[in-house]
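For reference, the chain that follows is the form predicted alone, supplied as C-alpha cells.
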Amino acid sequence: MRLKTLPSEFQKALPILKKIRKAGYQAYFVGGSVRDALLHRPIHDVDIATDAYPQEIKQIFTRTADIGIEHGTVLVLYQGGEYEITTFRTEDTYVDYRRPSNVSFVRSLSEDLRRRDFTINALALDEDGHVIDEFTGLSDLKQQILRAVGQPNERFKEDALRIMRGFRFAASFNFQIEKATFAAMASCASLLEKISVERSFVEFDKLLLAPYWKHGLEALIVSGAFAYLPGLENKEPELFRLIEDLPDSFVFTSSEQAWAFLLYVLNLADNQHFLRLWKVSNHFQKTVLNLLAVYSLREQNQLDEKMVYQYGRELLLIVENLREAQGLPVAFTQIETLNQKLPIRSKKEMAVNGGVLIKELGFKSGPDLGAVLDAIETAIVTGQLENSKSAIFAYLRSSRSDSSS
C-alpha cells in the first residue's frame, strides 16, 4: 500500500529521513503516527526508527540530545522541529513486567516491528509513502480489530501496561479486541499490580476521555482487569452503573469530570483515600472533591450566590453538564446570572482585610478575627452588605453593639 499524499507532519520531517538515508542507513516513520495517518486522525508525535546506531545518528546531525540513549533514542533538533529517532532494537527478558533486562540494537526493521504491542502499531512508512506491514496491521485497521503482535501472552507478560493500552485503544478507535488477545489480557490482568500507579492512571484516564469510553470500559470490566486497579476490587456493579447512567453519545469534558462521576457511582466512604491510592496531585484531588460536593448539593436542589462564589462558575457548569446528560433538571442560565451578580470573586476583593481591622478597629489577630472576616465575606456575597469600608465598619460596630447588649 502507498499513501499518495503524506500528511503535513510527515512532510515536515522528510528531510530527517532523507538525511539519514543519504548517510547510508535506513529510516522510517513508525508506530502510532502511521496508524493515525491511515485512520485519518490527528497526528501528535512523529517517531522515526532507523538501523543507524545512536552514535551514528549523532554524527549525522549537529544538534542532538540524549533523552533515552540507553534504549536507542536520540532527540534531533532540526529546522525548528524536534524528532525522536530510535535505533531498531530487540529486547531481552522483562524483569518487572515493564522494562526489558537488556536492549540490543539491530539492523533489521522486521525485528524491531516484531517487539511492538499491537499490529496496528507495528506499521512503518518510508519516505515515498509505502507502508511496510509484516503483521496484518493494515487488515486489522480495515476490519477494526485490535490484535497483539505474535503471541499475546508474551506481549503482555513483557509489558503489563499493554493491557491497559489495549483497553484504551478500544475506547479510542471503537475497535473489537481479537479473541485470543482479549483472553491473554484477561489471564495476565493480575500483572497490572506490578505496574506503577502513575502509568496505570494515565491509561485509565485516557480511556475515560476517549470518544468510545463505554466500549473500552466494558471490555476492562468483562476481562476482570479492573480488580487489579487501585480501589476498584469488587466494584463491578458500580462500574457498570458508570456506563448505564450516561447516554452513549456522552463524552467527558475533562479528567476531573470523569473521575468525579466515577467516584459518584462508586459511592465510597472515603473519596480522598481513593484518589490518594491513584497518586494524583493535590490540585486534582481538590477539584474532583469539589465537583462531588457540588453534585451532592445540586441533588438537594441547592443553588445560590454562595455556591457560585465558593466553587466557581466553571465547576458548577461541569456538574450541570453531567446532570443534563442524565436527563435531570439543569440551571445553566441561573448559574450565569448568579455569577454576574457576584459583588466579589474572592476574599482579596473585600474592601477591608485583617490588617485594616487590627489597625483601625483594634481587632486582635487569631481565630476570632478569621471568623469575623468570614462573616463579612458571606454577607457581601449574599447581598446583605455593601462591599465598602464604611458599610463594613458600620456592620461591625452594629454587631459589637448587639453582642455587648
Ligand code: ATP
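Numbers follow the displayed sequence, beginning with 1. Note that the structure is predicted; figures quoted are calculated from it, not measured.
A second form of this protein, the form predicted in complex with this ligand, is not displayed here; the remarks below concern that form.
Q: Quick one: this ligand borrowed from its pose in the predicted complex and superimposed here by the pocket C-alphas, is it open or blocked (3 or more atoms within 2.4 Å of backbone/C-beta)?
A: After superposition, this ligand sits free of the main chain and C-betas, so open.
Q: Within 4.5 Å, heavy atoms only, one stretch in 376 to 384, 358 to 366, 61 to 69, 36 to 44 touches this ligand in the predicted complex. Which?
A: Selected stretch: 36 to 44.
Q: Within 4.5 Å, heavy atoms only, which of 168, 298, 235, 215 is in contact with this ligand in the predicted complex?
A: None of the others qualify; the residue that does is 168.
Q: Could you check which residue among 159, 256, 140, 178 gets a heavy atom within 4.5 Å of this ligand in the predicted complex?
A: Answer to the contact question: 159.
Q: So in the predicted complex, does residue 133 come within 4.5 Å of this ligand, heavy atom to heavy atom?
A: Taking the distances in the predicted complex, the answer for residue 133 is no, it never comes within 4.5 Å of this ligand.
Q: Is residue 54 close enough to touch this ligand in the predicted complex, meaning at least one heavy atom pair within 4.5 Å?
A: No.
Q: Residue 32 near this ligand in the predicted complex, any heavy atom under 4.5 Å?
A: Yes, residue 32 lies within 4.5 Å of this ligand in the predicted complex.
Q: Can you check whether residue 320 is within 4.5 Å of this ligand in the predicted complex, heavy atom basis?
A: Residue 320: no contact with this ligand in the predicted complex.
Q: Would you say all of 190, 194 and 276 touch this ligand in the predicted complex, counting a heavy atom within 4.5 Å as a touch?
A: No, none of 190, 194 and 276 comes within 4.5 Å of this ligand in the predicted complex.
Q: Scan 121 to 149 and note down the residues that get a heavy atom within 4.5 Å of this ligand in the predicted complex; none is a fine answer too.
A: The one in contact is 121.
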